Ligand code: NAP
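Taking the form predicted on its own, here's one chain by itself in structure tokens.
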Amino acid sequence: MAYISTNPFNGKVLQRFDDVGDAALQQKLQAAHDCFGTHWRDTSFEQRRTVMKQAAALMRERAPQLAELVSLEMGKLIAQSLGEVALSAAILDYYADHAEAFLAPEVLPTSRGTAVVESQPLGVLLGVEPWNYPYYQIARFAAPNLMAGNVVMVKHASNVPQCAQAFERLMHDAGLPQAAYTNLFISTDQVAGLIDDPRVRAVALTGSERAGAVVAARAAQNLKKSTLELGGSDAFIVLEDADMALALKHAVAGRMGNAGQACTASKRFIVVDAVADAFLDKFQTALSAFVPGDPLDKATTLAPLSSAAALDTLLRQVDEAVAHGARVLMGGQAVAGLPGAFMQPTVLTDIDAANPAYAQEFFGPVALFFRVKDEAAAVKLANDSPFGLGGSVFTTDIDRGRRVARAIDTGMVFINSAAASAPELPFGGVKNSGYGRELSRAGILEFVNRKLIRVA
């Protein structure tokens, strides 16, 4: 697998990286295994906390440089890159502050003797991570697991190698032992070999459904725990009593943040008939104001997609949707006159259940618009999806919002807000969006042994 850093704004190749050979990979794995067994698992929470706090401080100190790498490698707007760095540092701090309490021994009531459940680390963990949030994705995997006493090996996406190296350097500069965090430039075959290896105790993947199915099957064959954070096609429901200005603000941010390249992006806009025309008119007006350009330029509001291949995929999806009866209300084409992988903000409508777009995830600035009769129809349509990651409901009646949220089959629902991430909020989905949770207390309990110690 080629690890190539390419600027999606202009197509310029920035740097190439050699893959790790099989022999070197075995050395790295053994070093990680030894680090866990002879050192890291036995460190105190205070020792781990000191390292994690220093990593967070270094991340904030290096924010300009770290953010620029994100914008250069995958095209994120510089303001959003800086926001990702800040969120990632907050995740490091969060687990430094709360891991010990999350993992404190739990005394169980029992009729005789004593019973305590203790949380013990598993060992070497493998993380397979995507490109769309190069620091945030690995922070939410690495921070809780390092604080729990595990060691981690990370196979990052092949188009963000400089970000991958920068995060590894940050952790080591903060005082983490070299083998406690290992960045790996490896192939998919080598990933499979690591999952097979008994020294690797569990695997976490954030990525596509296809990759998730492969990793889950491989882990299951080896009777190993896995967590999967996969795709989404989040519903954005606007009821007739919604605050329209608030709904529009979040609709634009929810669809266009990170150029629409987020699993929790708002993708299916389901609007009750009574307000559908007003919403759609203002939504299109807002989308038409986006300005494409260099993501490092603060005046740019429309970033390129992560690669030319990503743009080609999105254009094919739009063409296929139209061929099956969908109507393009705006956009639908690549941005003309720029060399980068730019997609026009796009709105598709008239999408029925027979259209392939009905069940697909659109990973870019393409919104699917649906009109529905009422609340019940909105919930039914929201749930008629293979995905179950997140969703949003807009209403001024909060009790009504909670009722609708409970009826939506997802791992997360946001009332009067587009999807958002924070260290203290559990992140994860159901159905084809995967299983397991990251962040919050739930994230640190995925890869520990909840061991019962009973004294009779």
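Owing to the predicted nature of the structure, the values given are computational and were not obtained by experimental measurement. Numbering starts at 1 and runs along the sequence shown.
What follows is about the form predicted in complex with the named molecule, which we do not show.
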>> in the predicted complex, is there a heavy atom of the named molecule that lies within 4.5 Å of any heavy atom of Arg255, even though the partner is absent here?
In response: no
> Taking heavy atoms only, is Glu129 within 4.5 angstroms of the named molecule in the predicted complex?
Replying inline: yes
>> With the partner left out here, check for me: in the predicted complex, does some heavy atom of Leu176 sit within 4.5 Å of the named molecule?
In response: no
>> So, Pro134 and the named molecule: in the predicted complex, are they within 4.5 Å at any heavy atom pair?
In response: no
> Which among 276 to 284, 99 to 107, 84 to 92, 207 to 215 is in contact with the named molecule in the predicted complex, heavy atoms within 4.5 angstroms?
Replying inline: 207 to 215
> Quick check: do His250, Arg268 and Val404 each get a heavy atom within 4.5 Å of the named molecule in the predicted complex?
Replying inline: no
>> So the named molecule isn't shown here. In the predicted complex, which residue out of Cys163, Ala367, Leu230, Ile237 has a non-hydrogen atom within 4.5 Å of it?
In response: Leu230
> Taking the named molecule in the predicted complex as the reference, which of Gln333, Gln221, Ser288, Thr188 has a non-hydrogen atom within 4.5 Å?
Replying inline: Thr188
> Along 419 to 441, which positions have a non-hydrogen atom within 4.5 Å of the named molecule in the predicted complex?
Replying inline: Phe427
